[in-house]
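Here we start with a single chain on its own, the form predicted on its own, put down as structure tokens.
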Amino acid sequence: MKKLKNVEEEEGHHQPDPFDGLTEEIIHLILDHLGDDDPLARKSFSLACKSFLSAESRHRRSLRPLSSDLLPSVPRRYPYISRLDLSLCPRVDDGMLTSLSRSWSTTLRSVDLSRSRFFSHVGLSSLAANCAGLVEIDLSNATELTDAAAAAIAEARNLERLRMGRCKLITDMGVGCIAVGCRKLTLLCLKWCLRVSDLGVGLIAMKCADIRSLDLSYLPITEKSLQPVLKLQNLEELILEGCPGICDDGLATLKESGLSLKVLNLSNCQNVSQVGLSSLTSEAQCLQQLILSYGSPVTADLGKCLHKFSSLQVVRLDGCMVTCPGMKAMVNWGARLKELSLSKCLGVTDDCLSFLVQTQRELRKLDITCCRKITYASINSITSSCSSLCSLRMELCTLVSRDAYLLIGRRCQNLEELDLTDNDIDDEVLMSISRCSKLRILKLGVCSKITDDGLKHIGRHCLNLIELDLYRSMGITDAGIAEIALGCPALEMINMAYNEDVTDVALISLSKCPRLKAVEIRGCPYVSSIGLSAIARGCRRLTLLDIKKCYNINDNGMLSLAQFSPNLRQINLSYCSVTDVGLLALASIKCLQNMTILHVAGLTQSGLAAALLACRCLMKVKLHASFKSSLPESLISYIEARGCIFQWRDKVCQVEMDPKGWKLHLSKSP
């Protein structure tokens, strides 16, 4: 086997590299084990020695540059990139696309331009011409692209996956070019392409026979295009969300079609009822997922219609008016559901829900968010019938009593996700829930009766927790957070917003969680730069930070972030005590993309201008409208030309500690 050599040979005598004895195959196995989830691990590996740096460069196939400024030098460092994600690069012009496509002409297979701007049909034409092996392009949100760009894409003859969501200037003519040129397409997303009609969709259906996934959401199409689409022999996923022109008559064309559909999304299709769905029953025997959210009422006829879908595993009826006869009609259903979503469904009662879950004992995911008519009886039936549940979402189920929640911990110990936001739970409930040792996501927002005593049980027994929401759960203090930090070292996200008893002590405890990525401490007035600095030092993966109305956080906190949080991408520092010095320090973070800066009294016009110029990767910034007139127009234009979007807000400064009277609301809660 070939031995790995250094990139450069130094002249004269030098100390032998102890890693030279490792073969390149072994080095690549180590890199495969590291994966792409932890960029710091790969970086540390590369910095170990020149041999490792060279090996990592040749091994890497997937790349997500942190800045547009890095793009010119990237191909020299990584010569074999096959998947290029430019979602962190707001400005990618035609010249850059041309240069990159030439550098990776033989290896590049996938490009993500979903958050990039300033390229046109010229750059896309170079990309298609230079990279013959290109199979995937994401052009979502490219609102300025025209049919000329679509024609350029059509030159990529081997293209298999194309996403064009929100390309609002593309018309039937452009889609027709793609249909003729890209015959190998298996996935196409045209969501919100509002100028594409039946003609363009029909051309895709006729020319691209291998299509497996087709997203036509919010297009002005009718049954005229549905007929050729439903004749696609390989079609497995069809998304028709928000298509008012789709009606029962269109679905009736299925009677003449041989359909292999596995996923059908008809949410927000108000003109589709059980009459149209009944057309599916004889042909769509492979259907596994059916999404009817925010559509027609769930009546007895619709319930009976679903009986014929024996292969269904996922049904989502979110926002639908559910009738008791409709739910009961589904009781003798032969399908074995894995997921059922009834979020915000009016009409769900104990009677009908209990009947249904008793026949669906293999449910893994259940969403009954805002089902405000259910009580203890429903939870009793759910927990006794569906012991294999791994996800239960039941935010704002206001009539469910405290005793019902005790059943969850006793009977559903395989839960990995549990949402109990704004419900009547206390510490005893948390003690019971702590038996669910596999929990990864736990949401306890606006639960006024829970305290540190209950939270300590979660920290001591739910060791796999990665996400915890304690928004406005005002009985939680530093002691409870300390228990979580001690027992849940894998924690990645925590929300403690508007908990006034949370101080720097809690943040210092959380700094021992090295995987923490998102911290929300909005409205915690006793948190200061001391606690924030501890988070910055201990949590190097921090990407999202909300410190709005943390009045005691000042420039010292920003300086710590600038020094220790290189991965920070989004921050809200409204109402903080930050000055020009702190903002300029923050602007030095190369990954920073999104900032919200409202009512920061210590900022000046010149300081803000300097920070905006220094923050070269900024993609969106939210500012008070008063700055729009004070900042030079030429500066705003320059920043926008780099790919940044300004959002101007004219909000009145809020100084009250308890916005919207939440303390009063909670004190009146039963």
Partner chain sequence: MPLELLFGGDLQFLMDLKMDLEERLRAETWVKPSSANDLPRNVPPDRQTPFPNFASQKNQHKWEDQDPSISNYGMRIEPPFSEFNRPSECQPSLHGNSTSQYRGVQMNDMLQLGKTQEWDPKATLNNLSFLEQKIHQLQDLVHVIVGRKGPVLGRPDELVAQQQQLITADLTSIIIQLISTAGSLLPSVKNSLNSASTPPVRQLGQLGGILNNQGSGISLNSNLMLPSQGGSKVPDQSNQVDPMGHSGTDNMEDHESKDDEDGDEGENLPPGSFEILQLEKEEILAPHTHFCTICGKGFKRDANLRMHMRGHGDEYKTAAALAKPQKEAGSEMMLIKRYSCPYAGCKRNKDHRRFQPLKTILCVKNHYKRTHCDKSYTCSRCNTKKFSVIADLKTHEKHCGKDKWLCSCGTTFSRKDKLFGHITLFQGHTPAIPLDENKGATGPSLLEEHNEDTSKVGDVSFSFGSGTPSSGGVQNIMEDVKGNVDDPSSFFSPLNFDASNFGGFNEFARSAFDDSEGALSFLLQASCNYSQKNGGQSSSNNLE
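This structure is a prediction, so every number in the text was calculated from the model and none was measured. Numbering follows the first chain given and starts at 1.
Form predicted together with the partner chain: not shown, discussed below.
Of the listed positions (Ala562, Met493, Ala482, Cys177), a single one reaches within 4.5 angstroms of the partner chain by any non-hydrogen atom in the predicted bound form, namely Cys177.
Screening Val581, Val331, Leu199, Val275 for any heavy atom within 4.5 Å of the partner chain in the predicted bound form leaves a single hit, Leu199. The stretch among 315-323, 289-297, 507-515, 146-154 whose residues place heavy atoms within 4.5 Å of the partner chain in the predicted bound form is 146-154. Remark: Arg183 counts among the residues lining the partner chain in the predicted bound form, judged by a heavy atom distance of 4.5 Å or less. Among heavy atoms of Glu241, none comes within 4.5 Å of the partner chain in the predicted bound form. The partner chain in the predicted bound form is approached by Lys207, whose closest heavy atom lies within 4.5 angstroms of it.
When contacts are judged by a 4.5 Å heavy atom cut-off, His121 counts as touching the partner chain in the predicted bound form.
In the predicted bound form, the partner chain lies beyond 4.5 angstroms of every heavy atom of every residue of 565-598.
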